[in-house]
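Below you'll find only one chain, the form predicted alone, shown as C-alpha coordinates.
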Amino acid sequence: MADEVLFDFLHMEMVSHVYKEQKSSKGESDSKERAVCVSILEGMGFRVGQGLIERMTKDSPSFKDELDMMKFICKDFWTQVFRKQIDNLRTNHQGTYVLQDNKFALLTQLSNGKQYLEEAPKYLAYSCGLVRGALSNLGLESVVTAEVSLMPSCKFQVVIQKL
(Lines give C-alpha, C1' and ligand atoms only; values in the text may rest on other atoms or scores of the structure.)
Protein backbone atom coordinates (compact mmCIF):
# COMPACT_ATOMS: atom_id res chain seq x y z
CA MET A 1 0.00 0.00 0.00
CA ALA A 2 2.70 2.48 0.98
CA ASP A 3 4.74 1.81 -2.15
CA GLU A 4 1.70 2.54 -4.33
CA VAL A 5 1.27 5.94 -2.71
CA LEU A 6 4.98 6.68 -3.10
CA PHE A 7 4.84 5.79 -6.80
CA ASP A 8 1.76 8.02 -7.24
CA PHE A 9 3.51 10.95 -5.54
CA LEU A 10 6.73 10.39 -7.50
CA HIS A 11 4.79 10.33 -10.76
CA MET A 12 2.88 13.53 -9.91
CA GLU A 13 6.13 15.28 -9.00
CA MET A 14 7.85 14.11 -12.20
CA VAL A 15 5.01 15.54 -14.27
CA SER A 16 4.98 18.76 -12.27
CA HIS A 17 8.75 19.18 -12.48
CA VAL A 18 8.94 18.61 -16.24
CA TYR A 19 6.15 21.11 -16.89
CA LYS A 20 7.62 23.71 -14.50
CA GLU A 21 11.08 23.40 -16.03
CA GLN A 22 9.71 23.85 -19.54
CA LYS A 23 7.56 26.81 -18.46
CA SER A 24 10.39 28.57 -16.59
CA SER A 25 12.74 28.32 -19.55
CA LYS A 26 10.21 29.90 -21.94
CA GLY A 27 7.99 32.00 -19.72
CA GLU A 28 4.59 30.73 -20.88
CA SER A 29 3.28 27.40 -22.13
CA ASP A 30 1.79 26.62 -25.51
CA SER A 31 0.99 23.45 -27.42
CA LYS A 32 4.57 23.05 -28.68
CA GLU A 33 5.94 23.18 -25.13
CA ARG A 34 3.28 20.69 -23.98
CA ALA A 35 4.41 18.35 -26.74
CA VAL A 36 8.02 18.67 -25.53
CA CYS A 37 6.94 17.85 -21.96
CA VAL A 38 4.93 14.84 -23.09
CA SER A 39 7.95 13.68 -25.11
CA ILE A 40 10.27 14.00 -22.10
CA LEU A 41 7.89 12.04 -19.86
CA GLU A 42 7.37 9.39 -22.53
CA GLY A 43 11.15 9.02 -22.88
CA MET A 44 11.51 8.54 -19.13
CA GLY A 45 8.84 5.85 -19.20
CA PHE A 46 10.46 4.20 -22.21
CA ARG A 47 13.74 3.70 -20.38
CA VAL A 48 12.04 2.42 -17.21
CA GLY A 49 9.87 0.05 -19.28
CA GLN A 50 12.97 -1.38 -20.94
CA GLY A 51 14.62 -2.04 -17.59
CA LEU A 52 11.54 -3.53 -15.95
CA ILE A 53 10.76 -5.96 -18.77
CA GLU A 54 14.41 -7.03 -18.94
CA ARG A 55 14.33 -7.93 -15.26
CA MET A 56 10.92 -9.62 -15.48
CA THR A 57 11.73 -11.83 -18.48
CA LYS A 58 15.34 -12.79 -17.77
CA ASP A 59 14.41 -16.31 -16.57
CA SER A 60 11.29 -16.89 -18.65
CA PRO A 61 11.04 -18.74 -21.97
CA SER A 62 10.65 -16.73 -25.15
CA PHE A 63 7.21 -15.78 -26.42
CA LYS A 64 5.47 -17.56 -29.32
CA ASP A 65 4.06 -14.46 -31.00
CA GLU A 66 3.17 -10.82 -30.44
CA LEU A 67 -0.22 -11.74 -28.93
CA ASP A 68 1.61 -13.69 -26.21
CA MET A 69 3.79 -10.64 -25.58
CA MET A 70 0.74 -8.40 -25.28
CA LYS A 71 -0.91 -10.84 -22.86
CA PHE A 72 2.26 -10.75 -20.76
CA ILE A 73 2.16 -6.94 -20.77
CA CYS A 74 -1.52 -6.95 -19.73
CA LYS A 75 -1.19 -9.51 -16.96
CA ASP A 76 2.30 -9.67 -15.48
CA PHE A 77 3.85 -6.33 -16.46
CA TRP A 78 0.75 -4.26 -15.62
CA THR A 79 0.38 -6.08 -12.30
CA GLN A 80 4.01 -5.41 -11.43
CA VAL A 81 3.68 -1.69 -12.16
CA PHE A 82 0.08 -0.82 -11.25
CA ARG A 83 -0.92 -3.70 -8.88
CA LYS A 84 -3.77 -4.87 -11.12
CA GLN A 85 -4.27 -6.46 -14.51
CA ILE A 86 -5.62 -4.68 -17.57
CA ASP A 87 -9.41 -4.99 -17.61
CA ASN A 88 -9.77 -5.64 -21.33
CA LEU A 89 -7.46 -6.47 -24.25
CA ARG A 90 -8.76 -6.23 -27.80
CA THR A 91 -7.00 -6.77 -31.10
CA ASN A 92 -7.77 -6.71 -34.80
CA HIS A 93 -5.09 -9.41 -35.38
CA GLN A 94 -3.28 -6.99 -37.70
CA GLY A 95 -0.94 -5.38 -35.19
CA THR A 96 -3.35 -3.09 -33.34
CA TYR A 97 -4.18 -3.71 -29.68
CA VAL A 98 -6.40 -1.76 -27.31
CA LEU A 99 -5.70 -2.13 -23.59
CA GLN A 100 -8.47 -0.83 -21.35
CA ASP A 101 -8.03 -0.05 -17.68
CA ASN A 102 -11.33 0.98 -16.08
CA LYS A 103 -9.69 2.37 -12.95
CA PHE A 104 -6.25 3.54 -14.03
CA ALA A 105 -4.12 4.09 -10.95
CA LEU A 106 -2.48 7.34 -12.06
CA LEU A 107 -5.84 8.98 -12.86
CA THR A 108 -7.87 7.92 -9.82
CA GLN A 109 -6.32 10.65 -7.68
CA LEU A 110 -7.27 13.38 -10.16
CA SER A 111 -11.00 13.02 -10.51
CA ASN A 112 -14.00 10.91 -11.35
CA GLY A 113 -15.92 12.28 -14.30
CA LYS A 114 -14.92 14.98 -16.76
CA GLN A 115 -13.68 17.71 -14.44
CA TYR A 116 -9.94 17.44 -15.23
CA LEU A 117 -10.21 15.65 -18.56
CA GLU A 118 -7.94 18.15 -20.38
CA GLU A 119 -5.18 17.55 -17.81
CA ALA A 120 -5.20 13.75 -18.25
CA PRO A 121 -2.79 13.42 -21.23
CA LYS A 122 0.22 14.71 -19.31
CA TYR A 123 -0.36 12.03 -16.67
CA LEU A 124 -0.51 9.28 -19.31
CA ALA A 125 2.69 10.02 -21.25
CA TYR A 126 4.94 8.17 -18.79
CA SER A 127 2.71 5.08 -18.92
CA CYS A 128 2.71 5.10 -22.73
CA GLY A 129 6.50 5.16 -22.56
CA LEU A 130 6.52 2.24 -20.11
CA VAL A 131 4.55 0.07 -22.51
CA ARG A 132 6.54 1.17 -25.57
CA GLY A 133 9.85 0.53 -23.78
CA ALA A 134 8.75 -2.91 -22.60
CA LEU A 135 7.63 -3.90 -26.09
CA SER A 136 10.83 -2.51 -27.58
CA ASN A 137 12.93 -4.74 -25.35
CA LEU A 138 10.76 -7.70 -26.39
CA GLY A 139 11.60 -6.93 -30.02
CA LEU A 140 8.44 -5.07 -31.06
CA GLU A 141 8.66 -1.49 -32.25
CA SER A 142 5.36 0.23 -31.55
CA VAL A 143 3.43 3.45 -31.22
CA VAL A 144 1.47 3.75 -27.97
CA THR A 145 -1.22 6.37 -27.46
CA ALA A 146 -3.69 6.88 -24.64
CA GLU A 147 -7.25 8.13 -24.64
CA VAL A 148 -9.49 9.16 -21.77
CA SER A 149 -13.19 9.76 -22.28
CA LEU A 150 -14.31 9.45 -18.66
CA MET A 151 -11.92 9.47 -15.72
CA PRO A 152 -10.41 7.29 -14.31
CA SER A 153 -11.00 4.92 -17.25
CA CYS A 154 -8.27 4.86 -19.87
CA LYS A 155 -7.61 3.12 -23.19
CA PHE A 156 -4.09 2.54 -24.49
CA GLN A 157 -3.80 1.87 -28.20
CA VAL A 158 -0.71 -0.06 -29.26
CA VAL A 159 0.12 -0.21 -32.96
CA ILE A 160 2.96 -2.60 -33.76
CA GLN A 161 5.25 -1.27 -36.48
CA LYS A 162 5.95 -3.88 -39.14
CA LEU A 163 9.53 -3.76 -40.33
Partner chain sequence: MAVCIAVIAKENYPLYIRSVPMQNELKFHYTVHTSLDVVEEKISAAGKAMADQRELYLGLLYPTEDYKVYGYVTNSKVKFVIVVDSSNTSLRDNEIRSMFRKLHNSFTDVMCNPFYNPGDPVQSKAFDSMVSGMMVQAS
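Numbering follows the first chain given and starts at 1. As the structure is a computational prediction, the values presented were derived from the model and not from experiment.
Heads up, the form predicted together with the partner chain isn't pictured, but that's what we're talking about next.
The candidate spot formed by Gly51, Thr57 and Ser60 lies fully in contact with the partner chain in the predicted bound form, as each residue has a heavy atom within 4.5 Å of it. Remark: of stretches 96-104, 118-126, 63-71, 35-43, the one touching the partner chain in the predicted bound form is 63-71 (heavy atom within 4.5 Å).
The closest heavy atom approach of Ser136 to the partner chain in the predicted bound form falls within 4.5 Å.
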